[in-house]
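Two forms of a single protein chain come next, each set out by itself as structure tokens; they are called structure 1 and structure 2.
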Structure 1
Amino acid sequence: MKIPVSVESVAMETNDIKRFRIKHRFNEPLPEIHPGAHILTYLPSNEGVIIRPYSLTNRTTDGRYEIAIKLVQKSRGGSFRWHHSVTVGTELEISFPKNILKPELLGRHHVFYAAGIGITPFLTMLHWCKETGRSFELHYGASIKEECLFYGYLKESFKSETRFYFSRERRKERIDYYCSLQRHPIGTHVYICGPPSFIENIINAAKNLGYPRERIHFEAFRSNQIKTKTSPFKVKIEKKCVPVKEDQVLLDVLNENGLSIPYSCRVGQCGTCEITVKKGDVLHQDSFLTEKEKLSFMLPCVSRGKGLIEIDHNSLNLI
């Protein structure tokens, strides 16, 4: 379900980061949020609707949402549009708030590692920790103070819990993951957000130090691969090659061709229609399979092939 909203205010946060406040178009309060939540924004443009995920940096007490968007230099899509054509009053739609990162309710100590714009999902989590009296700390890396998003706010609100690291100030500092991770007590949950290499390094360090997998939480910068336009492709089942037109769903085509793949949700969420892919590139659109599973499986209710894909007829999860 989508929520109709409009932009209430726009503020320049740093040189290349803008903060937008969004309100319900009929002035209802927007849904309450869980710390770490993000939304999908559906921004109309001449080239169709641009869909992008952004972390909520705040939900105001009167039910407005705030997001911070960094202008990506090469961008011709999401951040470019947001920076150059969105103004007060711009109308768009958003999804319900949802979470990839979630604070662990019964965690004994919470440690946040952020780099750059990776701070955004943590703001609501830090606030939650403080408000509910939880034990926490933030390690936040940026290039220089002026580029450090929410520097003033963090310094004021979480002074004793925050440690900044500036890689291009006079006194150059970077987060020493090993050293930092080693100091946390057993029962600590760590949360990581930043560029892929940042996330990978901290995960590896934590794993090497014996952190249980379930206590390492991370959110990658979400890719912009959410497609609204689809292309035709072909699917090979045993020796038969079947075309799938741009407006057809692979699951339906397979079932029309004599397979009886069970399905349920048809939105890539329940995993019922999973099939094994033998060959070819798959454009995954589901929110069910893990990255590892995507190497060999797909959900044909939402995902599609590129060119020609071959599926394993024998492995079909038939009942």
Structure 2
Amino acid sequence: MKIPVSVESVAMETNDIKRFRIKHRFNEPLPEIHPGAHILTYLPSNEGVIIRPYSLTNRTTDGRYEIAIKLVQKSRGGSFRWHHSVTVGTELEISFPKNILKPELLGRHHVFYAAGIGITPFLTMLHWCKETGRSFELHYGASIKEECLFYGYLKESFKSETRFYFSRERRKERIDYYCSLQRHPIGTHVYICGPPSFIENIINAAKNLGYPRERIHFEAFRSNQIKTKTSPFKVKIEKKCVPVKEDQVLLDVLNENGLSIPYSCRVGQCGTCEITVKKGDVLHQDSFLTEKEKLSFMLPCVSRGKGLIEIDHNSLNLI
């Protein structure tokens, strides 16, 4: 189910990040926002509908949503169109709010590690921590102060809980996450968002220091880009064999062929679109399935087949 909305305002936050305020097209209040929530945006284009996930950055109860979008230099249409074509009054559709990342109620201490645009999912979570009296801290890295998204807002609202790191300024500071992780008390939950290498390094450091996996949380939105050069392949569904081109996403191909497979994040992180593979080899590119699960399942939002794969139609959780 989608919600019809329009863009109410657009603001330039940094040289390459814009903030968009969205309202219901028929002036109804948008659904309640929970800490760490995101939405899928369905933006019409000449090439079809561009679907992208974006974290909600506001916590207001006025029935509006706000998202911040960074212009990616090699954008395949998502951020480029948002930055160059979307203006006040632009109409589109969005999903209901969804949560991959959310604060753990039983956490003794909450530590947020953000880099660049990775601050966006944490804004609502920081407010939740403060309003409910939770212990928390934020470590936020950016190249320079001028490129630090919501710098003034964070300094005013969470001054005592936030430490900034600017890698291209005189002191050339970077987050010493290994040292930081060692100082946190037992029962700490760690939340990470930023570039893939940033997330991976902190996850590995936390694991090496003995953090239980269930206390490490991360969000890694990206567009549906293939991390490894791949070739076209085919997918067999019952007696039908469907081709998937190099630049196509398997999830989209399956839905275009009438399967209506549910999805949420579209980045291989939530497991909503999981399907069962009966035969064939899969190029797994998700961060959700375990190695054992990858022997039988795949996430078609990011993963691909090799040659010919066959999926189990009877196991599909169709909408």
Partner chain sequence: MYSFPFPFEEGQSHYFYKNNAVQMKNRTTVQITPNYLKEMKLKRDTIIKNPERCFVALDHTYEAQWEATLYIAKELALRYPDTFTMTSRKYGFTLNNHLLKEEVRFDYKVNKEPLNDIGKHVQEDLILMFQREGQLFLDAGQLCFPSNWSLAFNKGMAFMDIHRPVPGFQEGQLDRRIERFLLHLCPGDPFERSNWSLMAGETLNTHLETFPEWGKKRYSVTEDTVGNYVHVRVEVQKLHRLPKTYTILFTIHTHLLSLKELSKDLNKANQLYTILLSLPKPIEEYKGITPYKSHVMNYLEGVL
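Everything quoted here is computed from the prediction, not taken from an experiment. Residue indices: 1-based, along structure 1. Heads up, when I say rigid core I mean the largest set of C-alphas that superpose within 1.5 Å between the two forms.
Q: Go through 1 and 2 and tell me the one that is the form predicted on its own.
A: Note: form predicted on its own is structure 2; the other is not.
Q: Rigid core superposed, CA of Q248 - does it shift 2 Å or more between structures 1 and 2?
A: Yes; that C-alpha moves by at least 2 Å between structures 1 and 2.
Q: Rigid core fitted, then: does N15 show a CA shift of 2 angstroms or greater between structures 1 and 2?
A: For N15, whose C-alpha is compared between structures 1 and 2 after core superposition, the shift is less than 2 Å.
Q: With both forms fit on the core, has V235 moved 2 Å or more by CA between structures 1 and 2?
A: Yes: V235 shifts by at least 2 Å between structures 1 and 2.
Q: V282: how far does its C-alpha move between structures 1 and 2, core aligned, in angstrom?
A: Displacement of the alpha carbon, after core fit: 5.1 Å.
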